[in-house]
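There is one chain below, alone, in structure tokens, taken in the form predicted on its own.
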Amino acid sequence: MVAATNGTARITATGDDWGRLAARARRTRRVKATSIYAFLIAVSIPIVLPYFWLVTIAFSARTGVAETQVLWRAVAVLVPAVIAFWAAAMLARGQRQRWAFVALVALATIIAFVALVGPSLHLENFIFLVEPDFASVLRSKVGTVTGAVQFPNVWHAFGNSILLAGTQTVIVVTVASLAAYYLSRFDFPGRSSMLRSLLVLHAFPVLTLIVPLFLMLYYIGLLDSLIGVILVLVAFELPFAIFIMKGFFDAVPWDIEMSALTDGASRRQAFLKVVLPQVTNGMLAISVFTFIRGWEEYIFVFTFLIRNTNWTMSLYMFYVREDVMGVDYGVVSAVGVFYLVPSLLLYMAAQRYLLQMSVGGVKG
């Protein structure tokens, strides 16, 4: 509406105008949110679906292609459930209504899953957890000759993986923190060249160094030992970890450390009690990534470990796939699920801290 005041035109908005503007803003916001949710669902399904199939096969499939029908029944439940959750989040007009819709969709999903997939679920594929010679048991059931691979106890391989990944993580975090602090706080000849070399060392392709590393471990007596693989992994992970930790130490103001030194703290006390607590997110980040790197390592353990008593879970998974795949693919999937559990639990426990991490003062 246009109103005239002292010869000048002044535009005023009525209640209807504000209502139309508010409705247009709500429609625009809803269209944007719908587009974002649709995009996220579209890019997430190809990523989530293989893992969903893996879990479904692990708890349902036996020998025979007919058992894969359970996959399609499970997908027939999963996809509509995802779309229904998205619709519930979009159409709800309040927090209470949203939670009611989500609960209703979850209940309907559970009922449909139990009805369509529930009768096919079982735990027989996890025989490897209690039967060390499970490959022979499986082959005897189908009347084939026992494979040549002698599997160790899966818990032994699990323990080897924990030892390898855990030891590697402790060494990398400790050395990277000390080295990054020194590079961040002290100036010395060759400092710039060392910083550049950190990224260059991390850029070497792993496969090009397999033969030299194999010969080195052979001559120093560490071939076919977990210690040798740990040292190799530490050497490859340290450069990038140091570079990342330096960014965290650079983000810590020097005034904080100087105040501690002025109050009578030694350099070691200032580092441990003042500076180090400021970079805990960085230490946690490289701990998670280093542990996952050691947990999933395959090339080095396949090349440098020979005896089955030194197998890690990645080697165990590889030989299960090679020896049992044609007999029972459900067991292969079950081993895969068991292999994924530690990584999944670690990410779930640390995700809150990883989302709060910052490098160089910029939050991720």
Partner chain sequence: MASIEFRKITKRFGDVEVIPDMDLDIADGEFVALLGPSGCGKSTSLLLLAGIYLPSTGDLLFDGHVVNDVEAKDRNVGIVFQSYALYPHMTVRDNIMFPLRFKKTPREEAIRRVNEAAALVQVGDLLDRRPGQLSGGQQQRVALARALVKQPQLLLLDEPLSNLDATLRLSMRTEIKSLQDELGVTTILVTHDQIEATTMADRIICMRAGRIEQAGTPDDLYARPSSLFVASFIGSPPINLVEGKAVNGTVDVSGIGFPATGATGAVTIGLRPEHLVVADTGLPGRIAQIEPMGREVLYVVSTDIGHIRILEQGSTAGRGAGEAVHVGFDEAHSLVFDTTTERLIPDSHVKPPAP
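Numbering follows the first chain given and starts at 1. In this text the structure is predicted, and so the values were computed from the model without any measurement.
Another form exists, predicted in complex with the partner chain; not displayed. Remarks below refer to it.
The stretch that touches the partner chain in the predicted bound form, counting heavy atoms within 4.5 Å, is 257-265, out of 105-113, 218-226, 257-265, 233-241. Contact annotation for Ser197: none of its heavy atoms lies within 4.5 Å of the partner chain in the predicted bound form.
Proximity of Gln278 to the partner chain in the predicted bound form: non-hydrogen atoms within 4.5 Å are present. In the predicted bound form, the partner chain lies farther than 4.5 Å from every heavy atom of Val173. Remark: Lys273 counts among the residues lining the partner chain in the predicted bound form, judged by a heavy atom distance of 4.5 Å or less. Note on contacts: among Gln97, Gln269, Gln150, Ser192, the single residue with a heavy atom within 4.5 Å of the partner chain in the predicted bound form is Gln269.
Along 151-188, no residue reaches a heavy atom to within 4.5 Å of the partner chain in the predicted bound form.
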